[in-house]
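Only one chain is given next, in structure tokens, and it is the form predicted alone.
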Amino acid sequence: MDKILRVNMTDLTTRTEPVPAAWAGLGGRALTSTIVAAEVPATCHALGENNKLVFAPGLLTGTPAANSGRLSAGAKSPLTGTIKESNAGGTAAQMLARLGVKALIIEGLPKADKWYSLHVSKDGVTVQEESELIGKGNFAVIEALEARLGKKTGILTIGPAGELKMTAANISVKDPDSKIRSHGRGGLGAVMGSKKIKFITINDEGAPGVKIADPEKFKVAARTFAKALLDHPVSGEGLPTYGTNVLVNILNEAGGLPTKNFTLGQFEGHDKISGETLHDTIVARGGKPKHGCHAGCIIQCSQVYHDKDGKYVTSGFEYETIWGLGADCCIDNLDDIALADNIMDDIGVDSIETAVMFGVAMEAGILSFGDSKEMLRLLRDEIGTGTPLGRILGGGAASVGKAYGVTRVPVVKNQAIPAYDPRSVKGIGITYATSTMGADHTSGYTIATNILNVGGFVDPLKKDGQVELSRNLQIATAAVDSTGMCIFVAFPALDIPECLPALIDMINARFGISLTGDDVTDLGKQVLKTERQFNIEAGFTKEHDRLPEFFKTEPVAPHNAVWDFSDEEIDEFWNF
């Protein structure tokens, strides 16, 4: 039977609980947001004793379903003050699912000034004091724990930024190559740091595994689903060949590549940081142009990037990171961007929040646009060691803007706007404004339809249809995030008729139930409404669903586009 593991850091006790009936049909984001909304006072301090950190594998995680190895983490965000769910690949999700752990809930704050670790196994969860690895970077933590506990150990860890409770801090997850994936946005690493937990280890030896109610039906549906992923031109060709960074040239051509802290829509050096250049560089240096973030991934959009000497630098080198440190900071040196990505992985900061922060910091005069060497120094010597300047930088884009009096600060609800200019790609602007978690492209990825012609086409420069597009995608995404599936399954789901029914068939076969497409849509709606209600109770109103004013007053080249939605038009989003 599935179970809930609960850890109380105040008295250092743990207990195993049955799954409440109301939670039985939930997983991933649906479950983390439901638990946070039910158990966390919305007005609490996000780093205080009343916040809770929740981990939950998805409904299909631990099964043979392709691309189902995502883990959701949830809490009240110390960055935005809203509810937060972040999902990541790696090995932890499938291990927890095989152990029958429906959710791991961590509550309270320790009384003593000591650090701890958690260990999850078939026997439950235990709390142990930890001293050896405090202050260490994530790579050193993973190496030491594999030596201590074995190579197969699942690991969730925070770096120095999380220990210092910086609001750009993330939670790092060990991947199948003993490298790092991230619960990136919203500062969840700071929540884990506030609870004085340096790492969580998982041993799934003797795990009961995931029982499938109708194995034959599952097998047929899983085969249809996997075929759809491989047959689609984006998930089957573009992403496996060039990774997510295929988007640099595409967005540059569309005039939607934010450049020089969102003052331009195109970057002169785009070719030097493009997906095509990245692919050729990786191949020439003996890296891996195709790579999965978890077992069972068949899209393989990750990659392994080597330096000029053929030595590992980073993996999971994403478009948003390369855009942020590249175009937005006017840096066209892939090697320096890759090294920055490595440092961010090690110290444990979100590579979107931190990249956008550097654009604001450059505008503030802390460093010059294009100065990659100083950027690397600031990451290592200031953020990585927690100096006063490092703490301001480690607080993210809004933190730097406030400290230095910068007015062009691209954030919504205090969270940095990623990778796509909302003036030139208006659908994503609606997502940024209305997302329950601050600016978040993955909440409702309208780039699919605005730019890539997936699921039809809605002109990115016109207002027509954008609110409906974002609404439909946010509802669908909330449901997908609850299954443990990678968000990129949305590409074939939008275009290939057999894909979504196969996904629903897998859920039905897994649990022996009979959900319909409408049921899945209703789940997505319920997740969004649960999250929004938490935010309302935390003090957020519709007036917070707005983009920064400079998007209205500063046209962006080459289309001279501005953000021209009225407040009333934005507010139509929630009419469902």
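Counting begins at 1, following the sequence as shown. What you are looking at is a predicted structure, and each value in this text was computed from that prediction instead of being measured.
Beyond the structure shown, there is the form predicted in complex with a further copy of the same chain, which is absent from this document and is the topic of what follows.
Just one listed stretch, out of 542-550, 61-69, 518-526, 28-36, contacts a further copy of the same chain in the predicted complex at the 4.5 Å heavy atom level, and that stretch is 542-550. Within this chain, Ile536 lines the site of a further copy of the same chain in the predicted complex, having a heavy atom no more than 4.5 Å away.
The closest heavy atom approach of His232 to a further copy of the same chain in the predicted complex falls outside 4.5 Å. Proximity of Ile392 to a further copy of the same chain in the predicted complex: non-hydrogen atoms within 4.5 Å are present. The shortest heavy atom separation between Asn50 and a further copy of the same chain in the predicted complex is within 4.5 Å. Think of it this way: in the predicted complex, a further copy of the same chain has a heavy atom of just one of Gly310, Pro215, Pro497, Pro388 within 4.5 Å, and the residue is Pro388. Between the options Gln128, Asn453, Thr407, Ser368, the residue in contact with a further copy of the same chain in the predicted complex by a heavy atom within 4.5 angstroms is Thr407. Contact annotation for 270-292: no residue has a non-hydrogen atom within 4.5 angstroms of a further copy of the same chain in the predicted complex.
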